[in-house]
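Quick heads-up: it's one chain on its own, the form predicted on its own, in structure tokens.
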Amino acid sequence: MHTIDEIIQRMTGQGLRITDQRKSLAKLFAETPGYLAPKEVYEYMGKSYSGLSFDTVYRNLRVMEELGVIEQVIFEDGVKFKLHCRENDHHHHMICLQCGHTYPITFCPMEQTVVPDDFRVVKHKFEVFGYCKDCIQEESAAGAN
């Protein structure tokens, strides 16, 4: 799901009223390849909508996440959001900490996890963080200078 129209269609299909603010959010995520912190989204939206509260922005991010339009990932420096990838099957991610490039992991570690009888899993997430080839090469080149 990468175009503004696809994002808006997904929101409308879930019964969400499409406001100008939500169109702006759809545009922002469609045009941003990496992850965005809520503060970055708030600052972007604040340029067009004076008086917009951080709570309103965050509530819209949560709604978009619940609808499967965007994904939330918890980094060491806080929560960030990214447009939901186009993978249809259940999967997890490897994420570059430098550029945010994301690679799908098609194997689910839950398949190998022994869940105790007295515990009921309701959902899970699994992300692996590191550096992609390009960012490793950039760092090596910078260190050589």
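This structure is a prediction, so every number in the text was calculated from the model and none was measured. Counting begins at 1, following the sequence as shown. Definition used throughout: the rigid core is the maximal C-alpha set that superposes within 1.5 Å between two forms.
The form predicted in complex with a further copy of the same chain exists for this protein as well; it is not shown, and the discussion that follows is about that form.
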Task: 4.5 Å heavy atom contact, His90 to a further copy of the same chain in the predicted bound form - done: no
Task: Residue contact check: Asp118 to a further copy of the same chain in the predicted bound form, 4.5 Å heavy atom - done: yes
- [ ] Verify the contact flag for Ile105: yes if a non-hydrogen atom of it lies within 4.5 Å of a non-hydrogen atom of a further copy of the same chain in the predicted bound form, no if not.
- [x] yes
TODO: Classify His124 as contacting or not contacting a further copy of the same chain in the predicted bound form by the rule of any non-hydrogen atom within 4.5 angstroms, answering yes or no.
DONE: yes
Open item on the list: Under a 4.5 angstroms heavy atom criterion, identify the one residue in Leu67, Leu97, Leu52, Cys85 near a further copy of the same chain in the predicted bound form.
Closed with: Leu97
TODO: Considering a further copy of the same chain in the predicted bound form, find the one stretch among 37-45, 72-80, 23-31, 56-64 with heavy atoms no farther than 4.5 Å from it.
DONE: 72-80
Task: Core-aligned C-alpha movement of Thr32 between the shown form and the other one, 2 Å or more - done: no
Open item on the list: If I superpose the two forms on their rigid core, does the C-alpha of Val41 end up displaced by 2 Å or more between the shown form and the other one?
Closed with: no
TODO: Taking the rigid core as the superposition reference, indicate whether the CA of Arg17 shifts 2 angstroms or more between the shown form and the other one.
DONE: no
Open item on the list: Thinking of the 3 angstroms or more shift, are the C-alphas of Glu66 and His124 brought closer or pushed farther apart in the predicted bound form than in this view?
Closed with: farther
Task: Pair Phe119/Glu66, Cα separation in the predicted bound form versus the displayed form, closer or farther by 3 angstroms or more - done: farther
